[in-house]
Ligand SMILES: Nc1ncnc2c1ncn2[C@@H]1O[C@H](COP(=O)(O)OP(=O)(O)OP(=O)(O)O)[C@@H](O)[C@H]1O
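Starting off, we have a lone chain in the form predicted alone, written out as structure tokens.
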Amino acid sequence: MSKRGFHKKPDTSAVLDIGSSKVVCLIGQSDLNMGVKLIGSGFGVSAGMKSGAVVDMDAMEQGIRTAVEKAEREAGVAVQSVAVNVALRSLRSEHLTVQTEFASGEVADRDLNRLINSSLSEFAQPEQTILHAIPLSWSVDGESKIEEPRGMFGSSLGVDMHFVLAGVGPLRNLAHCIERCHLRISSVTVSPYAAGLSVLTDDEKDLGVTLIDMGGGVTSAAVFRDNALVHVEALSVGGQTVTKDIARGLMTPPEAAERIKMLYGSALHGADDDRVSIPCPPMGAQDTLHHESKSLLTDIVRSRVEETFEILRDRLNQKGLEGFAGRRIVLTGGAAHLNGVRELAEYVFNKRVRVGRPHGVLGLKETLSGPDFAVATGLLKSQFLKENDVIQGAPDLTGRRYLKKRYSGGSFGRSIQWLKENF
């Protein structure tokens, strides 16, 4: 489709990164010369989210209101709509090849739209929603890998589509929570996709790269190739899971376990681990402060992080994506701060690994330049970038928006073997 680049959308846009540990609101403006300029930011505590789903509506509402109000004060604007992220364990990718024949002639917009609408109807169901629908390539009269079919002549047209789907229930709760804050959802982007827009280079997205966003409640991955998002995976484990493991293993409260993780946590053993003693606050009033070795803490952290990476690796390999995804891994999210995580990822995936940091936003503060703010800054950039995603605006939470768009003219064929044939 059309090339990516900055294009004219509303001059000011607001985004919400709603995670399991924090809520981030960023407000930005389009700058004709510089791209995106940050004009306001705010943070709130995400006390009502678990594994990407709302579990406490009041607590979640308070966190959103706090973040938005702080950003509004700093930017000097009132926010009415927000672009939000989604990181649910129900996220999944589907691929579909759609083809049709018609009277020989010039391919026009109406032909592309009919084919895309017909593909959308294939996944229109009440219990799920389509978050992204991305045309990966087109074919005309059997000639494949065509980026722009408009204006070409032929009698058959095909498209390879990538869909990202999610269960509709958690999304309804999230939308309701945002509406309670007197806001509306302008668009939705899955977290690893947003993070990729924030930290990946054009060459990485072209040659093949896997981005792993290590959030508090969900670890998600996005595979990019040929400058397009081609696959998404999600696991309901994250930084908070590591914290709970530490709390159980060291017999200390979760709040203390989080501090211990930040101060002493590592996924790799050090030479002095057996000699370093970590103070662990007691679980109850009758207990006393006790000490555990750093070696035990490292065992706990490494075990969980390594298991998470191994599950992701195996899932991607089962989809046949090991080679297609390139030889590079980029880590984002709060857990990417942990010492030794990059080296452990290199060991598990046998690929080059780096920690991604946001770029491409003017006025980005030092406090917002870490991997844990990749999703938020990627959401902001997406509001001013022209992408190939067919889904625009708020997601369909009814499952009926695309049911009536099935193609009705000419012969029509479809296949879900795209992954096997192309990977």
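Numbering starts at 1 and follows the sequence shown. Values in this document were obtained by computation on a predicted structure and should not be read as measured data.
One more form of this protein exists, namely the form predicted together with the ligand; it is left out here, but the text below deals with it.
Applying a 4.5 Å heavy atom distance criterion, does G216 contact the ligand in the predicted complex?
G216: contacts the ligand in the predicted complex.
T12: heavy atom within 4.5 Å of the ligand in the predicted complex?
Output for T12 is no: heavy atoms all beyond 4.5 Å of the ligand.
K261: heavy atom within 4.5 Å of the ligand in the predicted complex?
Flag for K261 set to yes.
I'd like to check something about A345: if you look in the predicted complex, is any of its heavy atoms closer than or equal to 4.5 Å to a heavy atom of the ligand?
No, no contact at 4.5 Å.
What I'd like checked is whether R65, V68 and L380 together line the ligand in the predicted complex, meaning each has a non-hydrogen atom within 4.5 Å of it.
Negative, none of the three is within 4.5 Å.
Select, from the options 159-167, 319-327, 291-299, 337-345, the stretch whose residues sit within 4.5 angstroms of the ligand in the predicted complex by heavy atom distance.
Correct option: 337-345.
Using heavy atoms only and a 4.5 Å cut-off, determine which of T97, T308, Q240, S90 is in contact with the ligand in the predicted complex.
The option sitting close enough to the partner is Q240.
Who in 139-171 is close to the ligand in the predicted complex, meaning a heavy atom within 4.5 Å?
Heavy-atom contacts within 4.5 Å come from no residue here.
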